[in-house]
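One chain is shown next in structure tokens, namely the form predicted on its own.
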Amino acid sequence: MIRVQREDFDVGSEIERLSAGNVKIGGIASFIGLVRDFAGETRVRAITLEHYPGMTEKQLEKIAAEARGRWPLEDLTIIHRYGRLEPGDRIVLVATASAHREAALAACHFLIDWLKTKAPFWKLEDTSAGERWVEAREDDDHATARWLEKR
């Protein structure tokens, strides 16, 4: 399941939905991304995530299809929020379910890395120094690149 939404999500309910009725699942891996209150040395009051409806969901489907092609997954969930979020708010949930933990863990890690660089979201930080658009980070590009080597 892939959702892009403004409202918060309940992690427990989403994990339950992912695994409900599927006794082939032996392991679920998950990642929950949260808004931090600092970016480097600068205090962050809030972030605003923007996206293009329709295009964003299509790109997330492509990323999910890539994960399904690499690992034997029973199912996966990607929920990504948009709008204004404050420190401590949940931004993203990635959960993968497989018969074995190794596939679930690897696919979850892959999805997190690819979402950072390939999902079309733009982040505006409201900081103590004013507003600023968040630029892509070289570390995120390196994390994505290592998966290209593992095809």
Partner chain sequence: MHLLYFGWVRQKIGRAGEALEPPPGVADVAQLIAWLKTRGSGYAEALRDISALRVAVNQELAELGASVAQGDEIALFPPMTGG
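Just so it is clear, the structure is predicted and the values come from calculations on it, not from any experiment. Residue numbers count along the first chain shown, from 1.
This protein has a second form, the form predicted together with the partner chain, left out of what is shown; the following refers to that one.
Looking at the partner chain in the model of the complex, residues R6, A46 and Y82 place no heavy atom within 4.5 Å of it. A residue is said to contact a partner when one of its heavy atoms sits within 4.5 Å of a partner heavy atom; E61 fails this definition for the partner chain in the model of the complex, lying far away.
When the partner chain is considered in the model of the complex, L115 lines it closely, a heavy atom lying within 4.5 Å.
By the criterion of a heavy atom within 4.5 Å, M55 is counted among the residues contacting the partner chain in the model of the complex. The partner chain is not shown here, but in the model of the complex it comes within 4.5 Å of a heavy atom of P120. Residues are counted as partner-facing when one of their heavy atoms sits within 4.5 Å of the partner chain in the model of the complex; in 80 to 95 these are H80, I91, V92, in sequence order.
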